[in-house]
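This document opens with one chain alone, in structure tokens, the form predicted on its own.
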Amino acid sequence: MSGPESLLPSSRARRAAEMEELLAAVAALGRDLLAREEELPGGAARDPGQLAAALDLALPDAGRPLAEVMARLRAVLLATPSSSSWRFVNQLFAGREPAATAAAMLTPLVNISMYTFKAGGAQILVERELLHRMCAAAGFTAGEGAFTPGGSFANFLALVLARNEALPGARETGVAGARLVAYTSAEGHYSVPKNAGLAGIGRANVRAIAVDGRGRMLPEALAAAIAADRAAGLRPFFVNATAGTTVRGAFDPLGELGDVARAAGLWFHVDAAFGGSLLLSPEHRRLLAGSERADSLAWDPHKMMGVPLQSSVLLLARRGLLARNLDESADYLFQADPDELNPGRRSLQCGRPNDALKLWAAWQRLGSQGWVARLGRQMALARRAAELIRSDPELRLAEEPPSLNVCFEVRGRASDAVCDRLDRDGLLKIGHGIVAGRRTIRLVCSNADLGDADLAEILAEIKAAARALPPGDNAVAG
């Protein structure tokens, strides 16, 4: 069953047998990957040219036996970083919830699209249950939601909905001649200006609003910018607040910003792609106080909740907005069941992968109480990392961590050079960013499986790499 002849047209039984063979091989490869998860690719594996040559990635003319395909898969995967390694503290996601991973592995076996109940069956009901619970967590008691391919896309959809609500004819006739203006934090996500360019708003019509010393957008600066644009004959329409900024993990004052947006009659969006999960924590949801007053909120469970990429939603405070702005007639697709059971009428996508089952499986495993415990561990881990950094004379803590991001420097060494050295040597995946005019190392404590010993080892690796480098400065010009 493993030779090239297996690629010829075959019966369902033959294909099923081939899948059985592959499932066994995948399980064995998965165990091998888990056993090697402490390692990260470094050295030659960090050189794209050398790596491409070593892996021989060329696509063949003739099909290969299954055993050879699996061997090539193994080589590629062993040259790929694992975000569940203790050595991966680079992005706003890390670690895994096993039940979610298992569900993600099983989802392609049924391989359905999430546009209709007729096609998706029980998966549509799973998604509906999740959106209902997440709307409730956000305070959107009469709301609705949609799964999206990432937080940037959720922010884009919110911007488009806001644009259409500000210009009621925009969906039919376009936005020619309208000078709409959007507002976001100077430390907000880069998707906001990118999306403005895509949505016909224009990147030049996005205002970056100043932040305070803790990285939070200033409400008074927002109000002043709105007033100035209106006086200039422009049309403010959209405020993007951030709950968990990318570098510092800061939370904008949502209540105050919501007051400004509401007084001005603007759509109020909360980009909680990173921090939205804290809505599930009675202790930490105070960081998102005021989110219930938003028109829309983006939330990525694949960040703090350990769900495999991707798992993202856009939640809306008012039911009906998605269909009003997205629904199109498609008789070949929407052939059965009420609109409520056909989420394709409320999505920018037609064919859409099942991103809900893995989140549902993790929620089944942990329960709401388990999410509280997990989020508490992550927040405590960030505080512990800050304590270790503060007490170490070789290190300088940039600020107390607002959430899971711990920003610091190695005294007398350039942060970007330290991070590059660690990456090249396959020791740590860790990034850097600017805090208060200085280049800092950004340690993200998203992996709930880390402990004190792991933090100590991470900091030891950072200091050892820094000692091997020449002196450097982290001041950022301008």
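From 1 onward, residues are counted along the sequence shown. Quantities reported herein were computed from a predicted structural model and do not represent experimental measurements.
The same protein has a further form, the form predicted together with a further copy of the same chain, not shown here; the description that follows concerns it.
Participant: Is there a heavy atom of W86 no more than 4.5 Å from a heavy atom of a further copy of the same chain in the predicted complex?
Facilitator: Answer yes; at least one heavy atom of W86 falls within 4.5 Å of a further copy of the same chain in the predicted complex.
Participant: May I ask you to state whether E97 is within 4.5 Å of a further copy of the same chain in the predicted complex, using heavy atom distances?
Facilitator: Residue-level check for E97: yes, a contact with a further copy of the same chain.
Participant: A210: heavy atom within 4.5 Å of a further copy of the same chain in the predicted complex?
Facilitator: Because no heavy atom of A210 falls inside 4.5 Å of a further copy of the same chain in the predicted complex, the answer is no.
Participant: I'd like to know whether I430 contacts a further copy of the same chain in the predicted complex, with contact meaning heavy atoms within 4.5 angstroms.
Facilitator: Yes, I430 is a contact residue.
Participant: Of A227, A373, A289, A186, which one comes within 4.5 Å of a further copy of the same chain in the predicted complex, counting heavy atoms only?
Facilitator: Exactly one listed residue reaches within 4.5 Å, namely A373.
Participant: Taking a further copy of the same chain in the predicted complex as the reference, which of L388, M379, A221, L357 has a non-hydrogen atom within 4.5 Å?
Facilitator: The option sitting close enough to the partner is L357.
Participant: Going by heavy atoms within 4.5 Å, which of 401 to 409, 210 to 218, 239 to 247, 262 to 270 lines up against a further copy of the same chain in the predicted complex?
Facilitator: Selected range: 239 to 247.
Participant: In the predicted complex, does each of A27, A119 and C350 have a heavy atom within 4.5 Å of a further copy of the same chain?
Facilitator: Yes.
Participant: Given a 4.5 Å distance limit between heavy atoms, list every residue of 183 to 214 close to a further copy of the same chain in the predicted complex, or none if there are none.
Facilitator: Sequence-ordered list: H189, Y190, P193, K194, G197, L198, A199, G200, I201, G202, R203, A204, N205.
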